[in-house]
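We begin with a single chain expressed as structure tokens, specifically the form predicted alone.
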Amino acid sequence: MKIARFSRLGFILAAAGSAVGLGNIWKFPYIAGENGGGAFVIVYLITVFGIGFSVMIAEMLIGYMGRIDSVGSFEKLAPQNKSTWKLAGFIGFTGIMILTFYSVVIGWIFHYISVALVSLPSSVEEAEYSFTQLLQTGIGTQIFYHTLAFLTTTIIVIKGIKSGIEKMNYILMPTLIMILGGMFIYATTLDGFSQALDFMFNPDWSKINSETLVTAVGHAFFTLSLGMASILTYSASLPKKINLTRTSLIIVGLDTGIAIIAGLILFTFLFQYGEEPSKGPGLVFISLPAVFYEMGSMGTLLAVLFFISLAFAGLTSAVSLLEPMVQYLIDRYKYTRLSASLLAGGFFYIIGILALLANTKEYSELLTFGSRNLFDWIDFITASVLLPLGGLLISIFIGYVVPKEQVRAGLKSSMNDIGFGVWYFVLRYLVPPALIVVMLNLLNIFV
């Protein structure tokens, strides 16, 4: 089946939209806050540019050479043991598993847009109470906004590559960058900005341990959309003449830059009004709304713009999480795009309802297993296990399974011989051991 092609700019915006999501604006600041700021940021940056960049080129190359869904691309490119290697293509299931809770969080953001428009909480205590009530008793509200997130994401994917995904990113990504850019400029005028800079770039190495390293690697893969076949699936629709290295660098740069800017914005506002940065997942839903309230009418405007930008970031990533499964159903089982989108969308919608119920008083005990509830287990397993595993499979596949001559030919117009030699060495000898060490550390965390 012929696949619609992205334009060059359309692909960069779509891939950047996939990478730039809730991981940058919601998750990165609170993870950095929980892990001591500067030390975590440095480890994260090393991970992104040392491991993430190399794996992104490899994942893009699989899609670019395969020109089909993730399962088909692995099967097509494997010189032997095709039936075994096509199983690696099922890393696309990771994306849709992430989407089960990701859609719930997008729903929270939709809810907070309305909160910002109507009445912001006047204190951290009030904000914490409101957020807790939403999670524990607001079942109807959560399902309503989760449904809205499901419908928006699924409708965009139904419209396809050109009319849906590319067109959405042409609108949302520039708007997102302009909103965050404006908020960043405003943040630089506040006294709290210098404290935010110090917090994010002055490392406290005592905060770093094995769990922090696992979190950094897992988050790098989460925020770059690596190991879940989103970038691979988008790359199957690349123009034939494109520089994969330059494109990867642009995507990684945009993703990392927005994460740093979002962190500086949030921490500036928090320090300006005497709030703590280590508030966990509720950072933007508890501390920030109260801070916006303290800013008066300017705070209301900033709150609305912030949550809109967060919603835009979430939606651009959500469609990329759904697309690999949709493309697989189209290529493998000849579903129409409408049927494939509704089937895959229905899956994440139903599991998403279970995930949000896991946070409620009424159903939390039923949906808690060991130390975590269903929502937290999906988040932890996908970010800390499946994404690094997906990256490991990708690096081994390109580094050891696909013939080197074929890999070099695929990157002929993207790297010179020296650049290829360095990248290939990193992919073969540095990336797999690093990911294996991370996963072994993860086993120690379980013990």
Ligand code: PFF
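Just count from 1 along the sequence shown to find any residue number. Predicted, not measured: the structure shown is a model, and the values here were computed from it.
Omitted from view is the form predicted in complex with ligand PFF, to which the following refers.
A.B. asks: State yes or no: in the predicted complex, is some non-hydrogen atom of G23 no more than 4.5 angstroms from a non-hydrogen atom of ligand PFF?
C.D. replies: G23: yes, in contact with ligand PFF in the predicted complex.
A.B. asks: Answer for T233 alone: is it within 4.5 Å of ligand PFF in the predicted complex, judged on heavy atom distances?
C.D. replies: No.
A.B. asks: Is there a heavy atom of S73 lying 4.5 Å or less from a heavy atom of ligand PFF in the predicted complex?
C.D. replies: No, S73 is distant from the partner.
A.B. asks: Taking 4.5 angstroms as the cut-off for heavy atoms, does S341 touch ligand PFF in the predicted complex?
C.D. replies: Outside the cut-off, so no.
A.B. asks: Name the stretch, out of 152-160, 304-312, 284-292, 318-326, where some heavy atom lies within 4.5 Å of ligand PFF in the predicted complex.
C.D. replies: In short, 318-326.
A.B. asks: Considering ligand PFF in the predicted complex, which of N169, S103, T268, S225 comes within 4.5 Å of it through any heavy atom?
C.D. replies: When ligand PFF is considered in the predicted complex, the option within 4.5 Å is S225.
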